[in-house]
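Below, in structure tokens: the form predicted on its own, a single chain.
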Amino acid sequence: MKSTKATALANSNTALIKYWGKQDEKLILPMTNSISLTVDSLSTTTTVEFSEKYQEDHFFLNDEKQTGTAENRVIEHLNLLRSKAKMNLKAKVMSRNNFPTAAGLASSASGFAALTVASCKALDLKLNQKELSMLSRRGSGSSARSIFGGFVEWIKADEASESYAKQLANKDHFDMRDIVVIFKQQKREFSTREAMKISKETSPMFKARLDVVETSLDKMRKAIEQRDFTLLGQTAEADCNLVHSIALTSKPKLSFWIDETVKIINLIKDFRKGGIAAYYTVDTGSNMHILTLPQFAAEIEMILNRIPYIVKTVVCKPGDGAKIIDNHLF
């Protein structure tokens, strides 16, 4: 019986300059470049087996059989990879996240990066990181960045073959921390993909960001290259606020922050007044990221752990890109 199996581990990434809006919905081509930090403590492990014993594709996430949109997205991605490999065997996919799914913490980024790398290995597709990034992008745009470690930029382009991620600096270039703050799980009304489409079509603020994003990207590249944490934090915070302004001025209104998010934002401002270097960024969820330097991480975490409405904190360092591992999930 013909059968091939592989397992990959991919880390999530924290958007410093966000991906918000597509120019092509099918090919997942972004309106602008984006920059992120791949982190070491939020990861997805995925095992993929293509075999004659399967009559249809099966997708399990955190040991639960998936149906509907989640399953369909994975099957669509498997079809893309199978067509590239010129092979039509069905697959079993088992994934595990070590952090909340669909909670604004880029689980689709690590998820589709791991799925792409494991599937390509199992299909014996010998691809470099640039090629893996282009393929992964088709499943989830931000997953293009999780193929690489450290600081990463995803390039916009009009052609599918020109839109991929590249590493700006490796994980050892700039030693900083991303403290992930997790609140009680909130049910999102819209997925990131849906929210992006709604805001592009309805928010008057969408074009305003397009007018300034190139300046923000230049500032972020400079901050990373020169290890200028203040510039990095200020630029990430400003872009975060602009993206959430787009969301709030969409129709229907897209509101991802909760009262607790705002309270922690105010706490971070107090940190800065007290001489602690800390900045925030929030994606499409209430959970958030506190960017800081290593010498402040323990003090910030100690303060956060005293706050009753915070369920969990995770201190992340710059992490590695997606990779093949030996420990299969099944």
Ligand code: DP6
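All figures in this text were calculated on a predicted structure; none of them were measured in a lab. Residue numbers here begin at 1 and follow the sequence given.
Another form exists, predicted together with this ligand; not displayed. Remarks below refer to it.
No residue in the set L217, K219 and L242 has a non-hydrogen atom no more than 4.5 Å from this ligand in the predicted bound form. For the candidate set S43, T261, T47, T284, a heavy atom within 4.5 Å of this ligand in the predicted bound form is found for exactly one residue, namely T284. Proximity to this ligand in the predicted bound form, taken as a non-hydrogen atom within 4.5 angstroms, holds for one residue of S203, S163, S140, T235, which is S140. In the predicted bound form, this ligand sits within 4.5 Å of a heavy atom of A15. The closest heavy atom approach of I300 to this ligand in the predicted bound form falls outside 4.5 Å. In the predicted bound form, at least one heavy atom of S108 sits within 4.5 Å of this ligand. Mapping the unseen interface onto this chain, I28 counts among the residues with a heavy atom inside 4.5 Å of this ligand in the predicted bound form. Of the candidate stretches 114-122, 82-90, 141-149, 219-227, only 141-149 has residues with heavy atoms within 4.5 Å of this ligand in the predicted bound form. In the predicted bound form, the residues of 190-210 lying within 4.5 Å of this ligand by at least one heavy atom are, in order, T192, R193, M196.
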